[in-house]
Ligand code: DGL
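Okay, here we've got a single chain as structure tokens, the form predicted on its own, with questions on binding and movement later.
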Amino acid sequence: MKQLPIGVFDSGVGGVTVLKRLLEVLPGEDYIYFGDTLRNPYGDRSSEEIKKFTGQIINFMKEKKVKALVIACNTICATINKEEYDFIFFDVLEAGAQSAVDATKNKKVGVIATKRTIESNSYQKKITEIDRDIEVYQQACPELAPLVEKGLYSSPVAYEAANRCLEGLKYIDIDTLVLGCTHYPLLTPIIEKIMGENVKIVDPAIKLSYDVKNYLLREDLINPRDKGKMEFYVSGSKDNFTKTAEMLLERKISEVFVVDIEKY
């Protein structure tokens, strides 16, 4: 069991921001990464579509015999019922909610995410379950994830899109902003510039990576090697995915495999 890989999946390249955090905390593990580049973005998809896609990805990960599965997609976390699956899951949305509660001092938290995540009200529910005194201000940012998928995360068009998205949150006196989509950490320099130094930017992947480590330690499943390996799979285009993933991980990716996810 210790030698089995950890699965990480997302609607596209955004989940590589989570993989990067996992590599920092658990460098000796093997990882299987899947990005649904054929069918992203998920943010405007129906809940039925997202559940169908998630089932296919989970079947793919079962075939790869992963020992734990990281859902690196807030939209999926906000849509599926994890109890319907026989799997050890780690949920980026739950990690983000707890991180926001831990970070805020004035109990005013902003959340930016996809349309589907915001409409589900999942962050609002989870944050107020932990601390009902916290006020949560949510904003859908449907333009941002597609820009990241195209590799335009540091472009003037990305700044303009982020500025439009964050306009309503700049004047509410929030002290914490949750990046409720795993694509958004690539936009952190832009978001920090727009929101100013008094707003703490929360990347849920930081806490999530330690949640995974703590589980593996508790279950005696840590791979004892110093350095593991990674395999990357996508359902469609791999060019922008490869370029962005290499930039994020600061290493060359030898191969990205295209898989027919529909067959699962």
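Numbers follow the displayed sequence, beginning with 1. Fair warning: this is a prediction, and the values are worked out from it, not measured in the lab.
Just so it is clear, the following notes concern the form predicted in complex with the ligand, a form of the same protein that is not shown.
Peer 1: So if I measure heavy atom distances to the ligand in the model of the complex, which of the stretches 165-173, 94-102, 132-140, 71-79 falls within 4.5 Å?
Peer 2: That would be 71-79.
Peer 1: Though only this chain appears here, would T114 touch the ligand in the model of the complex if you measure heavy atom gaps against 4.5 Å?
Peer 2: It does: once the ligand is placed as it appears in the model of the complex, T114 has a heavy atom within 4.5 Å of it.
Peer 1: Is L177 near the ligand? Define near as a heavy atom within 4.5 Å, in the model of the complex.
Peer 2: Although the ligand is absent here, L177 would stay clear of it in the model of the complex, with no heavy atoms inside 4.5 Å.
Peer 1: With a cut-off of 4.5 Å between heavy atoms, is G35 one of the residues that contacts the ligand in the model of the complex?
Peer 2: It does not: once the ligand is placed as it appears in the model of the complex, G35 has no heavy atom within 4.5 Å of it.
Peer 1: Any of the heavy atoms of Y42 lying within 4.5 Å of the ligand in the model of the complex?
Peer 2: Yes - in the model of the complex, heavy atoms of Y42 and the ligand come within 4.5 Å of each other.
Peer 1: Quick one: name the residues from 168-183 with any non-hydrogen atom within 4.5 angstroms of the ligand in the model of the complex.
Peer 2: G180, C181, T182, H183, in sequence order.
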